[in-house]
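Only one chain comes next, encoded as structure tokens, the form predicted on its own.
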Amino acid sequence: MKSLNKITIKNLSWQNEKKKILDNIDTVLEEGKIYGILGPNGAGKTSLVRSILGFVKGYEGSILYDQTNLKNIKREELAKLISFLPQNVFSDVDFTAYDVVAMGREPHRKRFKPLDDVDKAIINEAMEFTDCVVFKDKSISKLSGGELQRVMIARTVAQDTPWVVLDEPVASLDIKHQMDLVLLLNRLKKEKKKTIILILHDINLASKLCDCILLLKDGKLAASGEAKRLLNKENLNKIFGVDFLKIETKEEGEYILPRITL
């Protein structure tokens, strides 16, 4: 497979030993967009992205990469199509930032083969794009949360996949680093032509960044569609069970906030 134009999910269901986690999900994800997956804790968000990545086994239904069933794609080929940034990144190891970004080239090299000039050029470009050249020789155990996220994004850029999946990439970042990461993801889409799937909890951030939204509840796809249309008070109340307020601003448009009554 040389390209990936869409991912089609048909009747996807999966359960662990205790309960059903994903329940008959149908959707199509098309290239060139940023998709946000939202929903309360336990809704199945992480299980859905892990299914797309081929980490979940024994599910019912199908996941098609274009017309090819995910189950028929070898792991090394899949790693050339879609990269993954998990929520929890182990940072207490003595790898430099450059070492971590270089790991993104592994799917494109034969085992134990050293980095060649092409690999090095791609790694350097990825670090320049994410503005982390300045600490390329620094141990990742010494980096701040925002710096580490930039390094991990650089690794996905170096992996050179058309699709990127991120699990709650802003969860542990302060506001400034959240905004920096949002701008970087938007550049990934526009300048690097990446299709991005990410799990988010911030509704307003999702509204600003994402083209399309998938709303999950109790393992079901409750709604999906254009972010601006879908993220309204009525839909969010049904998903989260909380009353929301819509605030209009001249400078930034609409904001939706939970109604807090003490």
Partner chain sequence: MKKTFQWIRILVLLLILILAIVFSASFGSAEMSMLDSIKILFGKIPILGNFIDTSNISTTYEIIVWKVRLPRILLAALVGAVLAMVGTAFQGVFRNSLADPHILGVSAGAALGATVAMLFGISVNIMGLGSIGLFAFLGALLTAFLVYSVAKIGGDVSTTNMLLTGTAMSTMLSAIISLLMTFNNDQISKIYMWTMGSFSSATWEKVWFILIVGGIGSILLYSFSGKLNIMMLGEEDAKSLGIDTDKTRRNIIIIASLLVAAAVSVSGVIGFVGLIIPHMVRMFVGSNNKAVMPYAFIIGAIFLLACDTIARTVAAPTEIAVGIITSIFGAPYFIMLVLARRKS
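Note that the structure is predicted; figures quoted are calculated from it, not measured. Numbering follows the first chain given and starts at 1.
This next part talks about the form predicted together with the partner chain, which is not shown.
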*asked:* Among the candidate stretches 183-191, 170-178, 154-162, 126-134, which one is within 4.5 Å of the partner chain in the predicted complex when only heavy atoms are counted?
replied: 154-162
*I140 within 4.5 Å of the partner chain in the predicted complex, heavy atoms*: yes
*asked:* Check V118 for me: does it contact the partner chain in the predicted complex (non-hydrogen atoms, 4.5 angstroms)?
replied: no
*Indicate whether the partner chain has at least one heavy atom within 4.5 Å of a heavy atom of A79 in the predicted complex.*
yes
*Check whether R75 has any heavy atom within 4.5 Å of a heavy atom of the partner chain in the predicted complex, and answer yes or no.*
yes
*State yes only if every one of F55, V100 and R111 has a non-hydrogen atom within 4.5 Å of the partner chain in the predicted complex; otherwise state no.*
yes
*asked:* Need the contact residues for 94-110: heavy atom within 4.5 Å of the partner chain in the predicted complex, sequence order, or none if there are none.
replied: D94, F95, D99, V100, M103, G104, E106, P107, R109
